[in-house]
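A lone chain, given as structure tokens: the form predicted on its own.
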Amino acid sequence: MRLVIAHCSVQYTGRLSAQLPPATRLVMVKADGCVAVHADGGAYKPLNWMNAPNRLVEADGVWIVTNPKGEILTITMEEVISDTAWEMGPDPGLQKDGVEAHLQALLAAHCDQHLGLRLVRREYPTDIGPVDLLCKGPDGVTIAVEVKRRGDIDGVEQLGRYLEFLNRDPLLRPVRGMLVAQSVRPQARVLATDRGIRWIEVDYDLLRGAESRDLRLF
């Protein structure tokens, strides 16, 4: 990972136009090519970013980041304060808590009953992490299912990144998304609907009850 602290301005052109006036910011370049511009505040979310795959060209204090969609991120470096690179190695991925991991296992075991889908594989690998459940719908279309204890905007965005990668595979596409959680927040519902992602709320206790019935001897 490369971390650059610089006094810079940023111009984005693509689906819309956006501009960040000159200020001191952190520019992060990840190993997969993702470029993100952060301020010293606002929690984790960058002010602007370009997801991989990207092409980054540096020349005369100007960074130009382009992608196949025709989007352009132009970062003008007025003063570079720090420029460092770190080898972070492979990441083991997010470890789910007990409830979330159990919820995923229960849904995998009863995928047809509770989601109306046929399970293909749990923890389907992608270049940016595993998809919780890869399934097939009644119409044969591939469905990527992300399982959360609580569905929020982060979960929708995470699933969106998975869909972007999965839809590059000609053997899988088109791939649709489904967010499954015990509760889905209103903002996440709106974002999911806007991005064509289906969301479903499930009852964890009901799923556990289904598991208990399966384990009965009599």
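For clarity, a rigid core is taken as the largest C-alpha set superposing within 1.5 Å between two forms. Note that this is a predicted model, so its numbers are computed, not measured. Residue positions are given as counts along the sequence shown, with the first one as 1.
We do not show the form predicted together with the DNA, though everything after this point is about it.
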query	finding
Heavy atom distance at most 4.5 Å to the DNA in the model of the complex, all of W49, E100 and R185	yes
G42 within 4.5 Å of the DNA in the model of the complex, heavy atoms	yes
4.5 Å heavy atom contact, Y12 and the DNA in the model of the complex	yes
4.5 Å heavy atom contact, A18 to the DNA in the model of the complex	yes
R149: touches the DNA in the model of the complex, heavy atom cutoff 4.5 angstroms	yes
Contacts with the DNA in the model of the complex, stretch 58-80 (heavy atom within 4.5 Å)	E71
Rigid core superposition, L191 Cα moves 2 angstroms or more between the shown form and the other one	no
L20 C-alpha shift between the shown form and the other one of 2 Å or more, rigid core reference	yes
Is_shifted V180 between the shown form and the other one (CA, 2 Å cut-off, rigid core)	no
